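First, one chain by itself in structure tokens, the form predicted on its own.
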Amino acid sequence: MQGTLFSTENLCFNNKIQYDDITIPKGEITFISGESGMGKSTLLKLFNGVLTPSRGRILYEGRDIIELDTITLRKEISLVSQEVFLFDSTIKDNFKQFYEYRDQTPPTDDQIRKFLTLCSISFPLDKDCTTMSGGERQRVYIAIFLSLLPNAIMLDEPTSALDDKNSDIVMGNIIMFCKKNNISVIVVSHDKVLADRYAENHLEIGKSVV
């Protein structure tokens, strides 16, 4: 283990969801499970700075995230939520716009294709994203964030629109890539088979109302 990515202390959101103290190791594959409504997606948004705790602390690599620049934090900790945001344009243009937003040089066509292949997307780069299914859009979205090479990537139900076979292929590809590039992975998933197969660290999230 390479240290701690996230840890929480007395974390509470909206004065309603109270989390047990959590430690997520750096450089590992962490799966988070639990029944619907237990605050799993909320936890990812708290880690990413999208939401703010009503009390308690979140430490990112030992630093309280309240003291960190939110934009920098979100570049280092990418959140791929279930609510996919893509521009109404082609795959290539979406990659370009995400990179321009971060003042980074867009990847080459070959680099884009490599990341699309990781996520089992075989469309041409001029494919209009508005014509894709929800699952296809989700995988293009994941491919974009993988290409940005964050310190950690958080995936909220990334294979929910896939059958079992393709879920395993996509998740296996993502994890192999992240391991090779020392990217920590946090996955919220109801898929017990995937969790049993790939998790190095498995957290069960419950909720208490205060």
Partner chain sequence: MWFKVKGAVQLNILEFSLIYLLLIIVLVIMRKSKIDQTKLLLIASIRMTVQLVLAGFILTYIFENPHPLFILALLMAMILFSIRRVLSKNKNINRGFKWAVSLSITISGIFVLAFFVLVVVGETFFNPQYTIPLAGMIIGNAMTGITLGLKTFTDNLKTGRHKIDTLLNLGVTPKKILIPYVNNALETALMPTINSMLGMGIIFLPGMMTGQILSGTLPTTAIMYQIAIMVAICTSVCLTVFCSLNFGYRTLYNKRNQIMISRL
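Being a predicted model, the structure only gives us computed values, none of them experimental. Positions refer to the first chain, counted from 1.
Keep in mind the form predicted together with its partner chain is missing from the figure; the text below concerns it.
- Remark: of stretches 141-149, 161-169, 29-37, 175-183, the one touching its partner chain in the predicted bound form is 141-149 (heavy atom within 4.5 Å).
- For residue 66, a non-hydrogen atom is located within 4.5 Å of its partner chain in the predicted bound form, even though that partner is not displayed.
- Residue contact check for residue 115: none of its heavy atoms lie within 4.5 Å of its partner chain in the predicted bound form.
- Put simply, residue 54 is far from its partner chain in the predicted bound form: not one heavy atom of it is within 4.5 Å.
- Its partner chain is not shown here, but in the predicted bound form it comes within 4.5 Å of a heavy atom of residue 79.
- Scanning 88, 110, 103, 126 against its partner chain in the predicted bound form with a 4.5 Å heavy atom cut-off leaves one residue, 103.
- Contact with its partner chain in the predicted bound form holds for all three of 49, 70 and 83, each having a heavy atom within 4.5 Å.
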